[in-house]
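For reference, the chain that follows is the form predicted on its own, supplied as structure tokens.
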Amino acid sequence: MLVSSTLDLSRQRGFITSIRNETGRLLASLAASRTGTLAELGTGCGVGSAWLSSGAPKGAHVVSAELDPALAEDVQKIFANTDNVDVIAGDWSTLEKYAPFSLLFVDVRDVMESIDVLADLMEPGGIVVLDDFVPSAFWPPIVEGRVDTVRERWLTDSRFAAVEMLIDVDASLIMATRR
């Protein structure tokens, strides 16, 4: 129900960049194995948070931050009767006070570049899922004729055991577990 409601909001708002169902199902599966605090950086219309909430066990808490206050308010209405989800209007850094995270979904490219900050927000064994990569058959990964330094850094950082996963022929994500 929550996923459908957030997808409806996405369509109403013309927000075509919500996560793919394949990514959502992965988030729900991962959330089912987690306890503590799960977070989404870059709420958008709340689709990622809905998937996290749909898989989260009792006692797990989902927090999400959306920079656009009007959009955050619309998403807050969708989750108004959902006890385990809080949507905060504000920059992603407003979620730092909820750390450490057991699962973190990052759907904002600029935030992905902040690997040092994000690593410090994770509990040992915590999982970071980074979305919206274009598959590359090369190493280092090449996108639009340039090395994708964000992806390269996440896949080689010694603080994480990371893997790139193909979601579709034109999309991949990175899943990284904090050592």
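Each residue number is its position in the shown sequence, starting from 1. Everything numeric here is computed off the predicted structure, so don't read it as measured data.
Omitted from view is the form predicted in complex with a small molecule, to which the following refers.
Chemist: Can you work out which of L130, A39, A56, V47 has a heavy atom no more than 4.5 Å from the small molecule in the predicted complex?
Modeler: In short, V47.
Chemist: Exactly one of L67, A32, V143, I115 has a non-hydrogen atom within 4.5 Å of the small molecule in the predicted complex; which residue is it?
Modeler: Checked against the cut-off, the match is L67.
Chemist: Although the small molecule is absent from this view, report whether D91 comes within 4.5 Å of it in the predicted complex, heavy atoms only.
Modeler: Yes, D91 sits close enough to the small molecule in the predicted complex that at least one of its heavy atoms falls within 4.5 Å.
Chemist: Contact with the small molecule in the predicted complex for I78, defined as at least one heavy atom pair within 4.5 Å: yes or no?
Modeler: Judged by the heavy-atom cut-off of 4.5 Å, I78 is well away from the small molecule in the predicted complex.
Chemist: Does at least one non-hydrogen atom of L71 fall within 4.5 angstroms of the small molecule in the predicted complex?
Modeler: Residue-level check for L71: yes, a contact with the small molecule.
Chemist: With the cut-off set at 4.5 Å between non-hydrogen atoms, does F101 touch the small molecule in the predicted complex?
Modeler: F101 lies outside the contact set for the small molecule.
Chemist: The chain here is shown without the small molecule. Which stretch in 148-156, 106-114, 135-143, 122-130 comes within 4.5 angstroms of it in the predicted complex, by heavy atom distance?
Modeler: Careful reading of the contacts points to 106-114.
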